[in-house]
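Consider the single chain below, provided in structure tokens and representing the form predicted on its own.
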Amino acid sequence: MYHKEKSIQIKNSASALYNNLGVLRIAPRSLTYFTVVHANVVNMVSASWDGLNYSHRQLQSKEPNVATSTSLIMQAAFCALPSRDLLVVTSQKGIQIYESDGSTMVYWHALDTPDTPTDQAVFARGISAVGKSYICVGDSSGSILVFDVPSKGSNITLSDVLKGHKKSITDIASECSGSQDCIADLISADDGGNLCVWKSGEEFQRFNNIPGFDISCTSVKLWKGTAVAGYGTGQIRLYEAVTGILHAEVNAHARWIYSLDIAPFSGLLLSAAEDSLVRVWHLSIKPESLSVEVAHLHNECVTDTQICGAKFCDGDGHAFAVTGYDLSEIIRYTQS
């Protein structure tokens, strides 16, 4: 179903972080941007669709009044809003928001750090655009920071702080199908496996809590009202987001899942884990019962590699890309 394409070389190897791959398709320019985190650096690659041109950029973690920051970056993710695309980088010190090509930093938000050292690590992780103008970012206290983003310029404001989790946020995702019928349009996950389902707006509303099993939910997606969650057990669970009804549970991997992604137009689901496997599944909603069915379609094995990032490169799932711990390349697969 898929075959391997020529890999894209990156300047540094990928760190062992959940969801350690960002992909943004720039159709008018026939380009795709990729980001991979290594320690305190984000490796960016701009790749032309014909495979002939690549340009590289590196973004350092930043701190006010410090020339070079050593704070570790936890995640880099593209946020596509109706009016603009941005790149959000989270670290142990704060949140950096860049223009999508990484050329200009438009906003910096410092995390609250306790005056006295504690056992609790401080960091931000979990990034998603939602609605017309919001970017949501999770942190280690379990809070979700909501930023209101103007259609241009740098006048970004912190408009809300959502409290629904008691453990560190691992991932956040918005409804990816584009459907206006969905009651809830945002989901967040934490280190205890708990999920919170939200409705965005001038005042965000929490619709539902789906309890975890004290094992981390490392990656989460929201598609046509269905929450798709990947766990440290290697399982994927599919819930009806608003009611919390469990539709399906799949023993997908033998080790920790590090990344999930959905191609919204085709219903293809990508899962990747420490067991060196990337699997492609198909999600379908039965109209008569509104239940969700999942079917396994394809496997790829990246031998002896702890996979830490996997993303589709387009909305139909015709191609996907993969990163692995200590690999200095982005591996790409295309449908045959």
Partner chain sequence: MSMRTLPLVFINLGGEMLYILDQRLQALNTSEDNSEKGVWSENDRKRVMNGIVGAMFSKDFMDELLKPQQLYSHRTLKTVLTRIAHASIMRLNPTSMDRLYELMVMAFKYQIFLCPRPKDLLLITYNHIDTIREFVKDTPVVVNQVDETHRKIIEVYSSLPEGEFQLLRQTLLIFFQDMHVRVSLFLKIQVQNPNGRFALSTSGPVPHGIDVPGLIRTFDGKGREVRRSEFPSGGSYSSSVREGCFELHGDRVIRLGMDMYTVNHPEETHTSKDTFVKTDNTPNLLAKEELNLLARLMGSMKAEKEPKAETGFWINLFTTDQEEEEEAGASGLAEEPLFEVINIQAMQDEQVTTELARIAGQFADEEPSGNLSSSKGDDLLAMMDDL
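All figures in this text were calculated on a predicted structure; none of them were measured in a lab. Positions refer to the first chain, counted from 1.
The form predicted in complex with its partner chain is left out here; the points below concern that form.
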item	value
Contact residue in the model of the complex, from Leu86, Val250, Leu145, Cys182 (heavy atom within 4.5 Å of its partner chain)	Val250
Partner-contacting position among Leu277, Leu59, Leu283, Val45 - heavy atom within 4.5 Å of its partner chain in the model of the complex	Leu277
is_contact(Tyr325, its partner chain) in the model of the complex, heavy atom dist at most 4.5 Å	yes
Distance check, Phe320 to its partner chain in the model of the complex, heavy atom within 4.5 Å	no
Non-hydrogen atom contact Trp223 with its partner chain in the model of the complex at 4.5 angstroms	no
In the model of the complex, Lys163 touching its partner chain (heavy atom, 4.5 Å)	no
Heavy atom contact within 4.5 Å of its partner chain in the model of the complex, the stretch among 104-112, 254-262, 152-160, 130-138	254-262
Residues of 229-249 having any heavy atom within 4.5 Å of its partner chain in the model of the complex, listed in sequence order	Gly232, Thr233, Gln235, Ile245, Leu246, His247, Ala248, Glu249
